[in-house]
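There is one chain below, alone, in structure tokens, taken in the form predicted on its own.
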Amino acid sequence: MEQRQLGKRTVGAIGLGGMPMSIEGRPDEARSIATIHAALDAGVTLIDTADAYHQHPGEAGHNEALIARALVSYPHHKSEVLVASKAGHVRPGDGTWAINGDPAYLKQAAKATAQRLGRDSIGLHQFHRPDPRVPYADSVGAFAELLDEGVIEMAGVSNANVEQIREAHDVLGGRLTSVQNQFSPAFVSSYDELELCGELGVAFIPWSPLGGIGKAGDVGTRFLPFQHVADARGISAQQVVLAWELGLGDHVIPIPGASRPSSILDSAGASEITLTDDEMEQLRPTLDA
């Protein structure tokens, strides 16, 4: 698999989004672990999670603990695997989401995540979503303190706009490693943020890069140019979408979600596909839509 740089770490060009394995409609644990193992077998070395990826009250960190169990049971070398988690988005009740950007809470949540992952420190930890009740600099400042304390090795932000990315970069003293925003053919509003990350030397990690849970299967139907390229190459439209995103910059690392081995194996194959300039131009109107 093609490799990309994410701060101090080298990871595969395609990561694995863990959310579908822990929220509503999640598969049984055996299939989830088989999916994670299949990703690792395919060369995936970045696994995305968050303490909010769970379904029921009282099971915060479900996905983090699941990933930890999968890594423990994986029979091959796994020290190169980077687990990226997030804090600041919470699920206090069934089907509901809330935001908590309080610095004290964020620091407490990070330590709980490290414990669930069974690690002395978190490889990459990101501020999940801005809290309008808390100054952004204060929330991000908690991650600066976590870096200084060694609780986390790298810091990032998620769901951030251009101004917030610049502010986070300043608050962290140039130590901002990643920005994880929604980005796909169905949601290109984060393209300015993608470009800014390239200028700053920060990894851009698209979440829901295929359009979101339940929408990946018909991405070619909804966005015909991707299907046309896929048909010409004899590959899946999903692979074309991910290859297109990879073609937007060497700092882009998509994290398609998966809940079955076949899905992540297809996605992982996108890292071996390099679209031509003509194909990228054919898909360019997506950004201008």
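Fair warning: this is a prediction, and the values are worked out from it, not measured in the lab. In this text, residue numbers run from 1 along the sequence as written.
Same protein, other form: the form predicted together with a small molecule, not shown, and the subject of what follows.
Highlighted residues 45, 175 and 204: none comes within 4.5 Å of the small molecule in the model of the complex, counting any heavy atom.
For the chain shown alone, residue 212 is a contact residue for the small molecule in the model of the complex, at least one non-hydrogen atom being within 4.5 angstroms.
Proximity of residue 20 to the small molecule in the model of the complex: non-hydrogen atoms within 4.5 Å are present.
The shortest heavy atom separation between residue 260 and the small molecule in the model of the complex is within 4.5 Å.
Though the partner is left out of this view, residue 190 does not reach within 4.5 Å of the small molecule in the model of the complex, counting heavy atoms only. Partner contacts here mean any heavy atom within 4.5 Å of the small molecule in the model of the complex, and among 106-114, 131-139, 193-201, 156-164 they occur only in 156-164.
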